[in-house]
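Just one chain is shown here, as structure tokens, and it is the form predicted on its own.
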Amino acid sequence: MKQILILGGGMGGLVVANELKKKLGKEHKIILIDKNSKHIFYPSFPWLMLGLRKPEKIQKPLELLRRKGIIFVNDKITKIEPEKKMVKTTRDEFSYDYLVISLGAELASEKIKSLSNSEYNLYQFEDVERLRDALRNFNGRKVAIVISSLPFKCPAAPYEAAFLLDYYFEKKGIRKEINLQIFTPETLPMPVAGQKIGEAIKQMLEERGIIFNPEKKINSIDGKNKIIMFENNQKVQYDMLIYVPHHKAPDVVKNSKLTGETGWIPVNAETLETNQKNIYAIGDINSIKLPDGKMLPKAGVFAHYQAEVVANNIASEIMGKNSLKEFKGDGLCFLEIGFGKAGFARGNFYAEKREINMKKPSRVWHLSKILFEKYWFWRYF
């Protein structure tokens, strides 16, 4: 019997656990460890923000995986010891034959100076709920969406938020009174997707009256006076501030000595293997350099596809089959824009000349995202 440990119950961890169980059956032990008791479907956050989803509809207890024969351990991981092939948690320790690290990126809001509780973290479940409630009674005029640093997961998320807020205020009949701006260190929206996509999204923002402010690096927040201070001494006042926090690798990963100069875990771009035998890193926690020197974006779709590759290759090795697969760098993304429409982009990020194409926003792609949300919970729980 082989024992496979999966660290993290997000998109990547959930997929790799399911795929391994399907391929290996009852003969081998699959253990998933996460400090959180529930799996949250983050792509639904924009809908939660507008009150279009109830919180309980976008999360499921990871305990349900036990019905599939996957062992779930709800505990905090305290140490990863590659040399001993051991993972320690608060209450226990686990040996492994194979280790899949899918712990994602840790949010580090504390890196923004003077941040208070009056702002809203776009990636924090509780903050998105607070934002939903605040929007219902909002009577201000200046709304700022700030991307604090790069990289950040789900590169489309802050732009989806901007489009959906535009839609929300339009629906309430107050859009003309709202100054809606987005501030980012990026030169264009979603720059890794290429200039064509970036220019298209920038134009869509301008057409909707959303002011795009590129190459803006936040220095601090004056919550009392509601002022954002940027590195060039520019000051911007706001009534509502929504922000994308700094992202970092969890300390337990850094302490494992698996991270590289980027602060994330370097892996083989095709197999997701780390520099340690039988240890894989998938999703936001890993670091993959693209042909043009940029890094592969942190997005759920990559965690999903990488998980399928890793599960296949671990199962193939255990069962003595010669059916290895490679992650090819394919990615896709929905972009909700409100009014019952969404855009849809897809392409190959490993291509020498990256060509990411986006379909014109339509109801078809909006409905496709709704169906994917339903499919996700049906398929993996």
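As the structure is a prediction and not an experimental result, all values here were calculated from the model. Numbering starts at 1 and follows the sequence shown.
Keep in mind the form predicted in complex with a small molecule is missing from the figure; the text below concerns it.
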- Even though the small molecule is not shown here, does residue 35 get within 4.5 Å of it in the model of the complex, heavy atoms only? yes
- Using a 4.5 Å heavy atom cut-off, state whether residue 299 contacts the small molecule in the model of the complex. yes
- So in the model of the complex, does any heavy atom of residue 153 sit within 4.5 Å of the small molecule? yes
- Item | residue 344, heavy atom within 4.5 angstroms of the small molecule in the model of the complex | no
- Query: If contact means any heavy atom within 4.5 Å, which of 134-142, 262-270, 185-193, 116-124 contacts the small molecule in the model of the complex?
  - Reply: 116-124
